[in-house]
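Take a look at this one chain, the form predicted alone, written out in structure tokens.
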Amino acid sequence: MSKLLVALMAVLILASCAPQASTGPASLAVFIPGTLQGSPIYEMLDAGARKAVAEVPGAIVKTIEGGFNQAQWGEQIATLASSGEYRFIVTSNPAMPEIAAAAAKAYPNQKFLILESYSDNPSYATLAYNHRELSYLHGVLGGLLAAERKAPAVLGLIAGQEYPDMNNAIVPGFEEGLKAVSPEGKVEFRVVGNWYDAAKGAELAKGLFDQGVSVVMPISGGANQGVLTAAKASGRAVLWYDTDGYAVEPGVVFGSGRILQDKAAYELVKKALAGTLEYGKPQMVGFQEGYLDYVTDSPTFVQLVPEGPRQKFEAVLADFRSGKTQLEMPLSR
């Protein structure tokens, strides 16, 4: 019997003896598929939701950490839905629409706000970020930095694990941006196998640096620290994917993208609490809509990136911000 079928049976059993979701207008659960501390994207999710709740008198919010065992997330979501305590369950992960599907079917009054996902399920309000655009910008900057260092036009990307958005948008977008400035460029892709092994992250990064790669972008959770350590020891550059990372290892992080998850969470929760949020109508947002950006006003960016590459990058970035340049994001449902 498949794990998915077992989970569905468990949800249906719970549904037969538990109340439906709360109909109160201000009860909210934030489900973190992982841990909150040290996970900037989830910290932003929680902060944005709490900011919205704080503006509604009498509203309540509870944050639940799901841990790193993805096999348990479905049961945890079902438990939240079956409790009847929360009108809204807020979470963020591309896998969550599928994971929450059994609970959504069993509890049709339960509403889910799922960021970093795209689904037309009528119980969901989903919002996805255009990772192709963000990774493209990283590829452009990485290519410009490699050229400035007179290094091979080869960039490294180290992921915690493979998943649809990584394989279909981030890796291709990163290489696409690199080839826009260095047509012969290529990306060396490595996978840690989990989201916490800093030693493996350092090992993979060192291997890339030994091959002559001068710029690496890690998207590997806790393993990012190992990449930073190896980069510092080797005198190489790191691109920080989705938060302002210039301070995490001064002199090593040369560029930082931003996903404004706090803004997105705040706006969705605010609409949900006001009763104006639309469900079953997924959104895809990027630079033009103001949910993605690149941190170029940092003194560190100005200091580390020479004027020539910096001006070229700023020109490309401006076209994305204005909407002059737009890239279609492959959908992962």
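This one's a predicted model, so the numbers in the text were calculated from it and none came from an experiment. Throughout, we count residues from 1 along the sequence that is shown.
Keep in mind that the form predicted together with a small molecule is missing from the display, and what follows is about it.
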Contact test in the predicted complex: Ile41 vs the small molecule, heavy atoms, 4.5 Å: yes
Contact test in the predicted complex: Glu133 vs the small molecule, heavy atoms, 4.5 Å: no
Contact label in the predicted complex: Pro97 to the small molecule, heavy atom within 4.5 Å: no
Distance check, Gly286 to the small molecule in the predicted complex, heavy atom within 4.5 Å: no
The unique member of Tyr118, Phe189, Trp195, Phe209 whose heavy atoms fall within 4.5 Å of the small molecule in the predicted complex: Trp195
Leu127, Ile259, Val252, Leu144 - the one with a heavy atom within 4.5 Å of the small molecule in the predicted complex: Ile259
Segment assignment from 234-242, 100-108, 178-186, 76-84: heavy atom within 4.5 Å of the small molecule in the predicted complex: 234-242
Pro33, Gln70 and Ile219 each touching the small molecule in the predicted complex (heavy atom, 4.5 Å): yes
